[in-house]
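For this one, two forms of the same chain are given in structure tokens, first as structure 1 and then as structure 2.
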Structure 1
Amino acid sequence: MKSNSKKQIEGYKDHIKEIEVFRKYGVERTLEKGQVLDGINALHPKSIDLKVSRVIKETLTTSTLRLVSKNGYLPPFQAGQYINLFMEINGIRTSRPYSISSAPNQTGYYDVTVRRVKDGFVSPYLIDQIQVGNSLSSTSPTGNFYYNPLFHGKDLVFLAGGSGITPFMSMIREVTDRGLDRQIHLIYGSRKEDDIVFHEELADRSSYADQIKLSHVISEPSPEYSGAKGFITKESIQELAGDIAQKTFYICGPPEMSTFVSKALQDLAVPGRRTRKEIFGPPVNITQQPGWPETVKSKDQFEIILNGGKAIKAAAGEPLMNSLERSGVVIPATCRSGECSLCRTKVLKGKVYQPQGVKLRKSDQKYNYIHPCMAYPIEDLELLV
């Protein structure tokens, strides 16, 4: 609008005056430089510089790293959430997510409890190489596996497999430390008795806190063992958990355990809305997943061309992200389990296999985006990274 015609709008002059007044008494904006970022960082800093302040040997195969912040501040988290830890091993920059096992009612430190994975790349490094005083960096705490008071109710059954105890430990510590009004029944599957992580502390907390009930299930028990044996099955859940009508079930453990236990809950007719899941990493053998193309073998190598230039080799049986990292290409990552979408990458040519549970948006699928942390090459590929 032309300015002489604008001036004819009723109230125009008053508004001009108002603007002058607001400007005169307004905020000195230059003083606000950096405030938005400070606000964001109080809850969700993009990365945290950490130092190992203690290493606690939990079992033969499992250690807890106590992590403190180099700048003295750690953002709050919800019991059950994880951080993605970044490290460089033999010149390869990579990361792995670990659930925080310490309670959220203090943020002086985050504990992560790591179990050694056979032939694993990172877990042995964290257990064998990392020492008190070493530095690591991480994302801020994230993840959706936590107690949601808006619809989970107050009667919870935790189904843990092996290292899958870690998020539950944080939840149990919080509920007992703070005396929260929540009933928790932990059904914890381990291979042997001495594989049970936090064995004593769990026994201790469940002995004094009415909120916590504890059941162990051992798959390869010693002859002396007299408790529940085998895996966590439909029958053992039914027997241990009793009336399940109003209970909310949480499952956490390796992918194989999670698949098995989810099926058991389905057989027990527990609706999806009362089942929460956290899966610890990609399946051990991807070629056995439903829909994997028969003609492709785990060791098959494919050529991956990046941005029309550099080419690398990648094995079919390994997540693309790992192959990329080994070639020095680091894609942003948080969950490394196909859920968070941080790693989303466009495929220009070729096909990948993505197991069920990879959370791709509809329109990302349409435009050929994949989550490389849970995508496996089954042809030569061209990526935009």
Structure 2
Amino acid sequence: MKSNSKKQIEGYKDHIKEIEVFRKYGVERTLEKGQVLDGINALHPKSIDLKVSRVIKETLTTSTLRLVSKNGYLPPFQAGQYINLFMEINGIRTSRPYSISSAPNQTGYYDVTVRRVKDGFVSPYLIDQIQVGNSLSSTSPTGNFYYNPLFHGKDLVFLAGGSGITPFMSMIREVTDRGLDRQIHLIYGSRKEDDIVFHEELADRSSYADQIKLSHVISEPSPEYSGAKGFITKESIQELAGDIAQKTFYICGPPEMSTFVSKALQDLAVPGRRTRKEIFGPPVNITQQPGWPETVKSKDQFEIILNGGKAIKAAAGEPLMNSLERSGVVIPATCRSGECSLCRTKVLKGKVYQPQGVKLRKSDQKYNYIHPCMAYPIEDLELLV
């Protein structure tokens, strides 16, 4: 009875014939099992095994590591994206994100450009100890700081500070290598003339490529320097960038520079939709950030109890993730700037300080989740890790 009722459905016979045809002439899809997953893993592998093929001295404080794949293949990326490099230093497993400074139109290597950070932990290791032939591992390229032709227009202003030049260098190399139809005005803030990363290459590319305009702003210039001096301010942006009505602004540099320049753009009435930001790491001095409790000092120590019962000490003035890594607790991470949310961790007890710009979902705020890469203990804590 059940079989007969199916045959009464309109189009049933035609459907049966179609199935027979597909069985006779169709492709055997079971042979393709796993191909989609293989394709996804090729574009977005969980990790990449890399080897240093070249070390390029850029300035007295900055070097570029040219990284090639050990298996001969590197995933594609968009100019402006970054990779998170993993390493073990003095027995501590840690990581740091670095923007890819090479152009995406070549697929043989990733360049990452590292500037020495005063009292830093990772940058001195990469600059002083990593040599040609050494191995490193990283995440696949990620990040949202890249050009979108649908929304960003063709008139772009890049506001860079220090090592914040690196994602812009990738973009400039791509535009000039491929002759893309975009106008780029790079306004680059550096401390001294000899501290300008990619100085000669930037001058060369801006000399032959009509799409590129270059302006330097030096905060500690020599007596002979005749260009723009001081910091990238509202006034200097107005003077250098000219009519800003249809321009899209990209900002990349240290947190302090990003905050200062973002305020300048707000004062110039640049809409938020025409501003793109990439922040390099945590603030230099977290205790100077708005909302930091006055009773807590940078060197104050707090006890952190982990769900397994382990107790560690953490200083108030550095991100929780650093303290966890020193104690052998490694949390998944990519951006280390409070954006990707990969390191999200639940606070069972106690309070942390998180600076402005940390992108916590409302549900995470409600249920007391934090991003340890940009969270600072301001009292004793219990964490679920």
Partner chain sequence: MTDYDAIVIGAGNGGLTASLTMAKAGLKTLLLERHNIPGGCATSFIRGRFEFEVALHQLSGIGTVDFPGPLIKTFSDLDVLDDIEFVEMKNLYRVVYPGKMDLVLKADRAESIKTLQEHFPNDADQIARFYDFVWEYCNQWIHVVLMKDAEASAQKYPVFFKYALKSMQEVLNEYFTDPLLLSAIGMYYAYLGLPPRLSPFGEFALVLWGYTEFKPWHIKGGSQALSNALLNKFLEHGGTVRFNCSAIKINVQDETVTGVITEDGDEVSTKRIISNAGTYNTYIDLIDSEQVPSQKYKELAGKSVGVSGFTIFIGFDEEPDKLGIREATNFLTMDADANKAYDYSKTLLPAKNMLFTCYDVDDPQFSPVGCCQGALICLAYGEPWLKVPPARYFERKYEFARHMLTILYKVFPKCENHIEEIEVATPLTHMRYLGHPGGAIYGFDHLGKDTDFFIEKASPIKGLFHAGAWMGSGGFQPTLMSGASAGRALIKSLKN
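Residues are numbered by position in structure 1's sequence, first residue being 1. For clarity, every value in this text was computed on a predicted model and none was experimentally measured. Basically, rigid core = biggest C-alpha set you can superpose within 1.5 Å across the two forms.
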Quiz item: Does structure 1 or structure 2 depict the form predicted in complex with the partner chain?
Solution: 1
Quiz item: Just checking, between the two structures and with the core aligned, does L60 shift 2 Å or more at the CA?
Solution: no
Quiz item: Is K17 one of the residues whose Cα moves 2 Å or more between the two structures, with the core superposed?
Solution: yes
